[in-house]
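Single chain ahead, written as structure tokens, the form predicted alone.
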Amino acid sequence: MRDNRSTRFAFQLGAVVLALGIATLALLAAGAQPIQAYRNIILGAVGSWDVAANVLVSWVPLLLATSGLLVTFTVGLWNIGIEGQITLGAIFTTWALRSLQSSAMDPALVIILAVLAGMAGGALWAMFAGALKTFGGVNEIFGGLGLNFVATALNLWLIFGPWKRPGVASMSGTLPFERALWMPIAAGSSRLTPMTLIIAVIAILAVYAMIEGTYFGLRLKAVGKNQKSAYILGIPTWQHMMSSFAICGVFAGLAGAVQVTSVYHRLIPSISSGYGYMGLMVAMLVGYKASIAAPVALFFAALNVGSIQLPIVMKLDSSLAGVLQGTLVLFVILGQGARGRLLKKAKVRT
């Protein structure tokens, strides 16, 4: 057995087929027609310009989160705390907008400063997780999960406390910001902003260039492959680990800023919308390669948006998209493991 493109493609195709098979069995168990369900998902994602625009709206924060996670995965770290980093980015963005909305500044400058504040907030929260890992010996998974809960609690406290709507606290979030403090919306869409698409594309290109084309990226890979060997070779391992957390936090905070300035135009309880956890699945599915992250993230976003049609048209739960996404990642990982074992056996025989 040879490790070539054809072999890898065969295993990936098999993972897709198996994932579709599991989703189909789930639909049959629920008494639904699989073909009709898949058709509704497709129409719900690309059936009109408005729904296609919603897919792109979902794609932007997902791709930003994935971009950041690719950096921490390169250095061998599981930044589970990215959900909290998105939330802190949204909180810092909201704080900046609230602080500057009454000033005489140009609205465009206010938005820029608010986005920068969101990026700083995400980086700060990520570095907390990094410090727990590098200086406290706390596994980044457990530290990140704990910080996620703290970020969620802080977000709820602000919405129902200091930043609550006048006279009443509401699950719908804080008061919406004035239209002048929204990112410009594309014609024919209610939420899609062309600027955020540009930001997302630049983000993934920057991550690809950094990981694949810079000395810093090479050192990140070295630390991720073997920390002890990297340290012996003179690479400051903990500094690179902290740097990867900070960079990931910047992208996560940017995702939170996008949610506030271009999607919801306010702070809401579920501001992260699960994009951090979904970004983890995308990063694993692409094998931590930035070159194919954008189309896979777009596929996941289309599944998320398209599945909304299932409860509307077929009275089914929209969680089918999650089943398909999760099983797809699972079978891809299992396929990679199986391919590795077969390659080892082939080498032994030769």
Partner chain sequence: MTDSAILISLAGVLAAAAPVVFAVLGETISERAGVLNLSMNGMILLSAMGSFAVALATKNVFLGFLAGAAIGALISLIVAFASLTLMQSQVAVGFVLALLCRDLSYFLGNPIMGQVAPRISQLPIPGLEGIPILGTLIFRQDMMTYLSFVLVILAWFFIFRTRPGLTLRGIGERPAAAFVRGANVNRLRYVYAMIGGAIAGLAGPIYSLSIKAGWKGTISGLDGIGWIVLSITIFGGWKPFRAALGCYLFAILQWLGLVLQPSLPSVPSQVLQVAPFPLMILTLLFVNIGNAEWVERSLARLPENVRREIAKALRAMNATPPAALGVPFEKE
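Treat the numbers as computed from the prediction; the structure is a model and nothing was measured. Positions refer to the first chain, counted from 1.
Below, we refer to the form predicted in complex with the partner chain, which is not included among the displayed structures.
**Q** For the three residues W78, I333 and R341, verify that every one has a non-hydrogen atom within 4.5 Å of the partner chain in the predicted complex; reply yes or no.
**A** Affirmative, all three are within 4.5 Å.
**Q** Among 249-257, 276-284, 88-96, 114-122, which stretch has residues whose heavy atoms lie within 4.5 Å of the partner chain in the predicted complex?
**A** After filtering at 4.5 Å, what remains is 276-284.
**Q** Out of V296, L27, A302, A290, which one falls within 4.5 Å of the partner chain in the predicted complex, going by heavy atoms?
**A** Selected option: L27.
**Q** Contact between A15 and the partner chain in the predicted complex at 4.5 Å, heavy atoms?
**A** Contact check for A15: no, nothing within 4.5 Å of the partner chain in the predicted complex.
**Q** How about G21: is it within 4.5 Å of the partner chain in the predicted complex, going by heavy atoms?
**A** Although the partner chain is absent here, G21 would stay clear of it in the predicted complex, with no heavy atoms inside 4.5 Å.
**Q** With the partner left out of view, is Q36 within 4.5 angstroms of the partner chain in the predicted complex by any non-hydrogen atom?
**A** So Q36 does not count as contacting the partner chain.
**Q** Give a yes/no on whether V60 approaches the partner chain to within 4.5 Å in the predicted complex, heavy atoms considered.
**A** Outside the cut-off, so no.
**Q** Within 4.5 Å of the partner chain in the predicted complex, counting any non-hydrogen atom, which residues from 319-336 show up?
**A** In sequence order, S319, L320, G322, V323, G326, T327, V329, L330, I333, L334, Q336 come within 4.5 Å of the partner.
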